[in-house]
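First, one chain by itself: the form predicted on its own, in structure tokens.
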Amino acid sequence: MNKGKIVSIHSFRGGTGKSNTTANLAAQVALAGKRVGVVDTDIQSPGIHVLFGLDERKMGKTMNDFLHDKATIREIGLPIHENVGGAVGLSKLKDTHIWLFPSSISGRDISQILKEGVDFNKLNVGLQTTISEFDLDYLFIDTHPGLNEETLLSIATSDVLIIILRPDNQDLQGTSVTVDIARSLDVPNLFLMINKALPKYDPVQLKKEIELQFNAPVAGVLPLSFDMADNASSDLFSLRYPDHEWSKGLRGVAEAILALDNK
């Protein structure tokens, strides 16, 4: 690759497992030997840092500081591979290269963003700087659900867009809108990922139906998992339980992303 790829993970509605998917995909790609960054652009309701074992005291500078000219991208990047803690799954990232660029969980900082909005040009510069400063192969973006200016910017600058949906009528309608917008913005690579599929669904048949409905490839069908819920964001599930059906489905999505290197 000549430059790092931006991979945006999006869903039209909340509750689809977007942050869990983003963190686990980034970790799997890092395990494949790639230099990986993860940016939390869900600035109104950040949370992906929890999956990497961090709380506000450990995060230091955040994307909020960058957007308000209080920190550089270099100061924000937190090397997860050097801060794996005691979690079984996270410990597997020790010999990788993966950085997190978190957003602030401070109520004051979130209120400021909600009141003043986001400087989208500066955010875009920040994403491009992140790739060059850290010599990244992939930059994963955990987006805000729904469609707003941040999301449109993220989609427009993406090399790869993964839209997560559940087999639910509201999700299907919202995904249709998002797919149309992604195509109007000429996103080079669009994948769908079905999450929280009930056991009654045949994964092969469900994949075929969704691909036919949206005329877009489904990179994975992941089951509704009580084990995942029980994990309660305390570790990266696909690393801690690599033989679980959810983890196998997630790795299939990671492989679809990595396969783009050969095109």
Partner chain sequence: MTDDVDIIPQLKKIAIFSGLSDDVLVTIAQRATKRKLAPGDVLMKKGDPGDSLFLIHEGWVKITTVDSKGEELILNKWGAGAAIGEMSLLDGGMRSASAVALEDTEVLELSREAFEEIVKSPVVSLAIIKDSTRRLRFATTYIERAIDLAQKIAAGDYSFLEQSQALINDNDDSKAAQMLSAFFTMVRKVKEREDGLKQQLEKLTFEIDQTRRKKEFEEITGTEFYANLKEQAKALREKRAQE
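As the structure is a prediction and not an experimental result, all values here were calculated from the model. Residue numbers count along the first chain shown, from 1.
Another form exists, predicted in complex with the partner chain; not displayed. Remarks below refer to it.
> Going by heavy atom distances of 4.5 angstroms or less, which of 130, 103, 158, 143 would be at the interface with the partner chain in the model of the complex?
When the partner chain is considered in the model of the complex, the option within 4.5 Å is 158.
> Quick one: does residue 77 come within 4.5 Å of the partner chain in the model of the complex, counting heavy atoms only?
Flag for residue 77 set to no.
> Under a 4.5 Å heavy atom criterion, is residue 188 part of the interface with the partner chain in the model of the complex?
Yes, residue 188 sits close enough to the partner chain in the model of the complex that at least one of its heavy atoms falls within 4.5 Å.
> Taking 4.5 angstroms as the cut-off for heavy atoms, does residue 214 touch the partner chain in the model of the complex?
Looking in the model of the complex, residue contacts with the partner chain include residue 214, since a heavy atom lies within 4.5 Å.
> Even though the partner chain is not shown here, does residue 83 get within 4.5 Å of it in the model of the complex, heavy atoms only?
Close contact is absent here: in the model of the complex, residue 83 is far from the partner chain, nothing within 4.5 Å, heavy atoms only.
> Among 85-93, 68-76, 135-143, 170-178, which stretch sits within 4.5 Å of the partner chain in the model of the complex, heavy atoms only?
Answer to the contact question: 170-178.
> Quick one: which residues from 206-222 get a non-hydrogen atom within 4.5 Å of the partner chain in the model of the complex?
Heavy-atom contacts to the partner chain in the model of the complex: 206, 209, 210, 213, 214.
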